[in-house]
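In the block that follows, a single chain appears as C-alpha cells, in the form predicted on its own.
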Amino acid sequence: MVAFMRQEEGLLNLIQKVFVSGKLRTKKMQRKRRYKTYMAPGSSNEKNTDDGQASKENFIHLCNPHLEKMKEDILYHFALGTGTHDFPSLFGDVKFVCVGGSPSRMKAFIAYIAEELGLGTPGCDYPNICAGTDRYAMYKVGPVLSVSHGMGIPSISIMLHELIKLLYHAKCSDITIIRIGTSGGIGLKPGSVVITRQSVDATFKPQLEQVVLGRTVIRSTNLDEQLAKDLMQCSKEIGQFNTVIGNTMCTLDFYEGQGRLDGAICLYDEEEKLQYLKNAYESGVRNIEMESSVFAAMCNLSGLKAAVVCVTLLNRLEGDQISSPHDVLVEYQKRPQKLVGYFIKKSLGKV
C-alpha cells in the first residue's frame, strides 16, 4: 500500500520535473496545453498584464494523460460533451462553484446569489443546464456555478470527476469551490455553521482511503486554510449565527457509520455510542456528514481552492433524530448560503 502511494505521488513529481527541464518533446501547442494538465497542485501560469506587472492564473490540473488522446469527452452524467457544447463560451467566466446535495437547494442558491449580485430579478427562473439527465442539476448566473451532487461519497465523486473536466475544458482559472450542506453537530447547538479545517474518516484520520485496481490508495483531505479563515471573517461580519472552524467527520453511511441508535441495524449500546462521539469531539471533530473527504481529496489533486461549509441540524450528543420544526430547519439550511453568498459578494467587491 505504501509503495503504491509513493508511486502515485512520485508520478506527479516526475511529470513536473520533466516540464521544468524541458525534456518533453511534443509540438509547442501540445506542450502548452499539457503543461496545464499535469502541473502539480498549487502551480500556476504566469503572464504579464498591460502595465507590465506579472500576474498568476491558477488553472485546473487533470491527473489523467489518457484524456489528451480523446477526440471528444462526453460528460455522461451531466448530459454535456465537448463535441456538442462550447464549454469556454458556456462556462469560461466561472470563478465560484458551489455544490450541495439536492437539486432544489442548489436552484434556490442560484436564485439567492443572483439577487445578491444584482444579476437577476425576484421570481426569475433559472434553467437546469443538465436538463438532459436526472442525475444532477446545474445552474449558472454570472461567475457562479451551482451544482447538485446527491448523497454520499460515490455520488459526489462521480459529479466531481465530470465537473473538474468541465472546468478544464472551459479553460477556467482561479476557481474557488465550496460545498454547502447540512450535517449533524457534535457539542454544538443546532443551527451552528461549521467551516471544515480537515475532513477526517471514521477513525479521525485526515485521509481518504480508496481502492484503485485492487490496491489501496490514501489521499490527503486537507482544505484551504486561508479560505477557511476568510469565510470565518465573513461570518463575523454578518454576525447572525454561531460559526466555528473544526474538523468534519465523513462517514460511509447515515446510521451505523455515524453511531446512530435508530437504524434498522444497531449492535452497540448508547454508552458505546456516546463514548465514540465524545472521542470524536476530543479529536477536533465538530460535525458529521458523508461527502467532504472525497471532495477535499479530489480538489487537492486538481489544484482547486476548496472549502466545506455545513450547518448542524442537531447536537448528536443529545440525540439521533432531527426533530426541529420544518420552518426552523429551512432557516438553518439558508445559513451556509448566506455565508457563502456574502463571501462571493465580498470577493467581487460588492460589499
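Here the structure is a predicted model, which means the values were calculated and not measured. Residues carry their position along the shown sequence, with the first being 1.
One more form of this protein exists, namely the form predicted in complex with uracil; it is left out here, but the text below deals with it.
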- Task: Scan Ser183, Thr196, Ser146, Thr221 and let me know which has any heavy atom within 4.5 Å of uracil in the predicted complex.
- Result: Ser183
- So which of Ser192, Thr176, Gln258, Ser157 reaches within 4.5 angstroms of uracil in the predicted complex, heavy atom to heavy atom? Gln258
- In contact with uracil in the predicted complex (heavy atoms, 4.5 Å), from 292-300, 314-322, 63-71, 278-286, is stretch 314-322
- Taking heavy atoms only, is Tyr112 within 4.5 angstroms of uracil in the predicted complex? no
- Message: When the contact criterion is heavy atoms within 4.5 Å, does Phe254 count as touching uracil in the predicted complex?
- Response: yes
